[in-house]
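So this first bit is one chain, no partners, the form predicted on its own, shown in structure tokens.
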């Protein structure tokens, strides 16, 4: 249970930030703008893969929002804590193991990712998209947050400056947000790009969230690939933390 104080610290900070109106809006303004622009603007009256575009795009934006919030807040918090406030020097000399630090930070990232993306689901239901039709949606949703919270820890510890986390986001997180099936089916892309996208976790998160949102059967392959990504990213995070303690 050595991970719990680390998790509790992050939750206390998160609770304090929630009391600030600006934090609440900053966590949802971008995905909400996408929802209004694509779902209610360009997508009004359109259908994709046999479903109204709004119902198609809401799960994709939920996947994108859970990804960006799980990654960004953790990567930024860790990099700033390491490089400026030296918070993690105390963690590294405490009885907490690398696995404890990893687990505490990742769980806090999951909470933040779920919170931000749940606002998108609520907004989507108000606009007429409804709510998820399958309990598998929750499993995939949490798994997506776990993957990118793990990546947030990895790159938070690897960063040599605050700009390094933004660089990774620009080259990896943002392209995934647009090309992994969030706003349109990846089948419309050229074959070589489509093949590459199948090796990215958000592609499978979008597919699984969308099918479970519509009450359709989720392919076990997508769940398996996401579990594999989570295991790999968690392991990389533990190794990265251990190396930073040398």
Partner chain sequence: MIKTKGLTKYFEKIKAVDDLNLEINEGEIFGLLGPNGAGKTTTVRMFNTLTLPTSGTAEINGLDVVKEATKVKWLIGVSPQEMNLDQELTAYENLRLHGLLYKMKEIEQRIDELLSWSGLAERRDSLLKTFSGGMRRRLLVARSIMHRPKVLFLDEPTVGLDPQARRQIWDIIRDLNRQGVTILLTTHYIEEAELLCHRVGILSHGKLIALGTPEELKARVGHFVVESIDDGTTNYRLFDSRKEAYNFAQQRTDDVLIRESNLEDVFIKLTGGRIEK
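Residue numbers count along the first chain shown, from 1. No experiment lies behind these values; they were computed from the predicted model shown.
Form predicted together with its partner chain: not shown, discussed below.
S.K.: Looking at 107, 136, 92, 142, which is the one with a non-hydrogen atom within 4.5 Å of its partner chain in the predicted bound form?
M.R.: Exactly one residue meets the criterion: 92.
S.K.: Please state whether every one of the three residues 16, 86 and 96 places a non-hydrogen atom within 4.5 angstroms of its partner chain in the predicted bound form.
M.R.: Per the other structure, all of 16, 86 and 96 touch its partner chain.
S.K.: Since the chain is shown here on its own, which stretch among 147-155, 166-174, 118-126, 78-86 would lie within 4.5 Å of its partner chain in the predicted bound form, judged by heavy atoms?
M.R.: Of the stretches listed, the one contacting the partner is 78-86.
S.K.: Given that its partner chain is not shown alongside this chain, does residue 12 nevertheless sit within 4.5 Å of it in the predicted bound form, heavy atom to heavy atom?
M.R.: Yes.
S.K.: Indicate whether its partner chain has at least one heavy atom within 4.5 Å of a heavy atom of residue 8 in the predicted bound form.
M.R.: Contact with its partner chain, yes.
S.K.: I'd like to know if residue 240 sits close to its partner chain in the predicted bound form, meaning any non-hydrogen atom pair within 4.5 angstroms.
M.R.: Taking the distances in the predicted bound form, the answer for residue 240 is no, it never comes within 4.5 Å of its partner chain.
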